[in-house]
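Quick setup: the structure tokens below cover two forms of a single protein chain, split into structure 1 and structure 2.
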Structure 1
Amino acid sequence: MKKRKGLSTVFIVIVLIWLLVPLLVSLIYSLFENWAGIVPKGFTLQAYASVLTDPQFGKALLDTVLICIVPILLTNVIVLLALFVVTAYFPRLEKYVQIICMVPYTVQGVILSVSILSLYVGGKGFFASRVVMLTGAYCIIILPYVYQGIRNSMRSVNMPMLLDAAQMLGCSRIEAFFKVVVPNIMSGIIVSSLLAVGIIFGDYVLIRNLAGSTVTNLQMYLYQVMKADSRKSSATFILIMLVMFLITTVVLVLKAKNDKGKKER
């Protein structure tokens, strides 16, 4: 048993090193002026100063965060309400809802963006807005991940039993759902939302095709910088990873507090 644990630990360490090597190399490259030999020379923070003082980076970061919030909130609300209706009133329809929510797994970003453009571009209605089209496309892309996380959480807390127990105490079904079920599955909602953030942060195709120059995310900024300055692009990559790390840390802290609160209750 100890031998197996030792092998598992070694394997995990090797995988971590393999995954961290690109990040470490990018960090070293961004901090030195010359890396022609084995040892880099000329330590400098000029690349980071250039990125952080660039107003385009701040705009790209703000746009990325804002374009994350709306689709994730919309998708979470829609999935929660859909699963509530299916579980509480039409349990036989759950398999069809699951099939519909899994369809975006098979849709490529290029196909989705071209389809949306061909359907709505040139119109004068609400859906003709580039930002609205992008928001809708992100809702579709993250739908399977949000649905699966929320669905698994609902099954783990036995949602029908919680609804029945709350109704026996005088709550309506919708009131019981939002006051009893949702707080108990908040960990699943947080984790699936975090996964959705990672997907949106890493997108280039959808935002490039649908938004154009209307909205610029971090991936578009990274692509533009990469064509001009390799050290600055490495610094941008490190900063994007740092932003993702900070978001992940905040989300995990909130999740830990939520789990601790449930244990105390």
Structure 2
Amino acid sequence: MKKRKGLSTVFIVIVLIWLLVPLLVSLIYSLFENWAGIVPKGFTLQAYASVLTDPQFGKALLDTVLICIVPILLTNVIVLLALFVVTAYFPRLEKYVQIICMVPYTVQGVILSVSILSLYVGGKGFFASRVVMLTGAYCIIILPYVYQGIRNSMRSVNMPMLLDAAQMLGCSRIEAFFKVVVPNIMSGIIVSSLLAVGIIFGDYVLIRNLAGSTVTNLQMYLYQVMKADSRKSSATFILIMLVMFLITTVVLVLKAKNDKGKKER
């Protein structure tokens, strides 16, 4: 019995090493001038300075943040409305909404991006705009996550019961939804929105195929510097990973808080 536990520990440690080595090596690589031998030489923060002072990096960071906002807000509102109406008035439609929401999960980025591109690229005006195409694509790619997040939270607060209770107290259903249900599931909405931020931050295929060069995110920036300067790109890499880890940490903390709150109730 004791030996089995030891084996489990060894296995977990091996997987952890496997997962962490690429990160650690890139971190060391970004901090030293020269790593030709076994021991790296010449500690310097030069690479970070050159990334952080690069106006291209600033633009990419700003673009990455800006391009997140509209799709996430839009998708949350749209899915909230749809799920409210479907659960409160048309339970029979729920199945179809679910199917539509889960399709992007199997189709994924490449096919989605080329299909949107091929449909809208020839036209003129609003819908042929690269930014609009990209926004639409991001809405669809985060749809499964937003849908699952909102649906699970609605279930956990028992939305139909809340609506009935509010109605008995003389409140209309739609009013009850926005005044009672939405505030109660806000933390669930925030968690799934942050997951969506992570997905959009990590996207390369949609932005490359749809936006061309009109919008550049951090991933595209990394790809560009990768071809020119490996030390600068390793610093960029570390900065990107830091942002990602920050998002994940917030998600984990919020999730743990939610679960704890549920248990106490």
Partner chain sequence: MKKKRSIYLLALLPFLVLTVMYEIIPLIGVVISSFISDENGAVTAANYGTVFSKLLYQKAMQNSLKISTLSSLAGILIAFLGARSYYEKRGKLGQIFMTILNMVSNFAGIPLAFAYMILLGNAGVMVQLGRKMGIDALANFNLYSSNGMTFMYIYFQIPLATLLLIPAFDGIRKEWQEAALLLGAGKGTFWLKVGIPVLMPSILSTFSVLFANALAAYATAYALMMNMLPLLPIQIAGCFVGDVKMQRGLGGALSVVMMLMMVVMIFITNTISRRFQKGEAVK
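Residue numbering: structure 1 sequence, from 1. What you are looking at is a predicted structure, and each value in this text was computed from that prediction instead of being measured.
Peer 1: Is the form predicted in complex with its partner chain structure 1 or structure 2?
Peer 2: It is structure 2; that copy is the form predicted in complex with its partner chain.
Peer 1: In terms of the two rigid parts that describe the motion between structures 1 and 2, is Arg155 grouped with Ile99?
Peer 2: Answer is yes, one rigid part holds both.
Peer 1: Since the chain moves as two rigid parts, how big is the smaller part's turn between structures 1 and 2, in degrees?
Peer 2: So the smaller rigid part is rotated by 12 degrees.
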